[in-house]
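So this first bit is one chain, no partners, the form predicted on its own, shown in structure tokens.
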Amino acid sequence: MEQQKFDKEKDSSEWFTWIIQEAKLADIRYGVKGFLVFQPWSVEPMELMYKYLEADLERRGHKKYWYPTLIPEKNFYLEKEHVEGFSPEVFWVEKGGETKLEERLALRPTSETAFYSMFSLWLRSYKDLPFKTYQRANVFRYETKSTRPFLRSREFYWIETHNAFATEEEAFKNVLEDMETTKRVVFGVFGIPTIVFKRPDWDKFAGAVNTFGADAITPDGKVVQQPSTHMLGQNFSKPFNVKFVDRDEKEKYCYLTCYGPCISRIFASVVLTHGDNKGLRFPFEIAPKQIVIIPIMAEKEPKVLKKAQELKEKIEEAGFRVELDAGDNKRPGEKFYFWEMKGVPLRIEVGPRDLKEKKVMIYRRDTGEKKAVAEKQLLKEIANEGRFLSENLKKIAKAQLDKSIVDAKNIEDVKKIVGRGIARCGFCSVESGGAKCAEIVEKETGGRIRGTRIDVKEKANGKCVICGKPAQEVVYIAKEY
């Protein structure tokens, strides 16, 4: 195993490349640019992440669907802004075997045009509403920028919800509930703190009335987009004929929304946010293995291995995910290093002395602290220490996000901040009228305007950092992956 050579805080990009390979999270050698093989140590936590998000959505009334991967070309051309926004990124299927298809089929880049073609067949009355759906899916986009495992791929894994409502008010209420799902799960379970922004007009989802996106910070000061939710209004319901008969017996168009937590990208944030120079650090809830048991001097005392096996069975019966590393070809120190690199939250050590005292040693990956625990208290201590570990990781991550936000009074301040953190400053307008100032921001700083905060209210003071006009909004500027 290669010794770690990169300081995560100083060179998180190189560290990220190293840990993907060292922990065997993914293999990029598949042979198709932008496509990778996800390996068990990333698949297992992402499966858990899916379960937490899906459980939250189902509590909110969303029902699961499975839609085809292929979308007819004609569907894309029903909504003008949508096709203009996505056409450059679409993979097209033009042949079946050697036979040219009568109509091209798109590998779904997103599924609005698939879902709403069916909504028009299913929805008839106000009694059918609200209609809240979701699917777990992989989507395909011909990414023209540099690809990066988990962060920017040509195939990625996500959940997408698609929903229909009778009124605009009900639709927007659902958008706000999407933001609460992000807070409850992405931060509350995965430990990734975010800032929720209303995106500028020029940076909305193609076809949306408004887009609201959550951003997380990385150690090198860049942001990674987390789930975004879109108020689609009637922009899709009209071309797709998604209508219902209301209580007043009049036919009306539905108001539509969609929400897209990208599991593979959120996983990248889990890795980047919680990892350290030793390697990965997983929150207890989504760790592939929550506990590893390492017998000490088992080759000299056979009873040690027997006790370790008994502990593994006991811990598994209690519902925890546990690994027993009983291999005798490595010293304990080598095993410690390996499982710390893999990010296992808790390590249990049991040796001859522990057998006599009926105790074990528990090590916490986040703090590096070790303590003796009575065997009869072990299950209770595992639950407690797992909870404490997750809370501590959240606390550290939130402090990192807060520290990264720095006020800027002018463009020179913005240049100094962007690339190292997030610049907060006054801006003329996030409506289309501010697009020219936004272009200057991107050209001179390399950063982009993320939007105005929706999770807190902020009052603008002073002038726009670009044009000098009175500031109408407080915006945040950052580089993104």
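The shown structure was predicted, so the numbers you read here are calculated from the model rather than taken from an experiment. Residue positions are given as counts along the sequence shown, with the first one as 1.
Only in words, not in the display: the form predicted together with another copy of the chain, which the text now covers.
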For this session: Answer for residue 405 alone: is it within 4.5 Å of another copy of the chain in the predicted complex, judged on heavy atom distances?
Result: no
Exercise. Taking heavy atoms and a 4.5 Å cut-off, does residue 64 contact another copy of the chain in the predicted complex?
Worked result: yes
Exercise. Going by a heavy atom distance of 4.5 Å, is residue 210 a contact of another copy of the chain in the predicted complex?
Worked result: no
Exercise. Quick one: is residue 352 in contact with another copy of the chain in the predicted complex, heavy atoms, 4.5 Å cut-off?
Worked result: no
For this session: Name the stretch, out of 336-344, 407-415, 230-238, 105-113, where some heavy atom lies within 4.5 Å of another copy of the chain in the predicted complex.
Result: 105-113
For this session: Have a look at 81, 203, 325, 155 for me and say which one sits with a heavy atom within 4.5 Å of another copy of the chain in the predicted complex.
Result: 155
Exercise. Which one of 94, 249, 299, 313 is close to another copy of the chain in the predicted complex, taking close to mean a heavy atom within 4.5 Å?
Worked result: 94
Exercise. Are all three residues 146, 179 and 181 in contact with another copy of the chain in the predicted complex, where contact means a non-hydrogen atom within 4.5 Å?
Worked result: no
Exercise. Considering only 39-56, what residues come within 4.5 Å of another copy of the chain in the predicted complex, judged by heavy atoms?
Worked result: 39, 40, 43, 44, 46, 47, 50
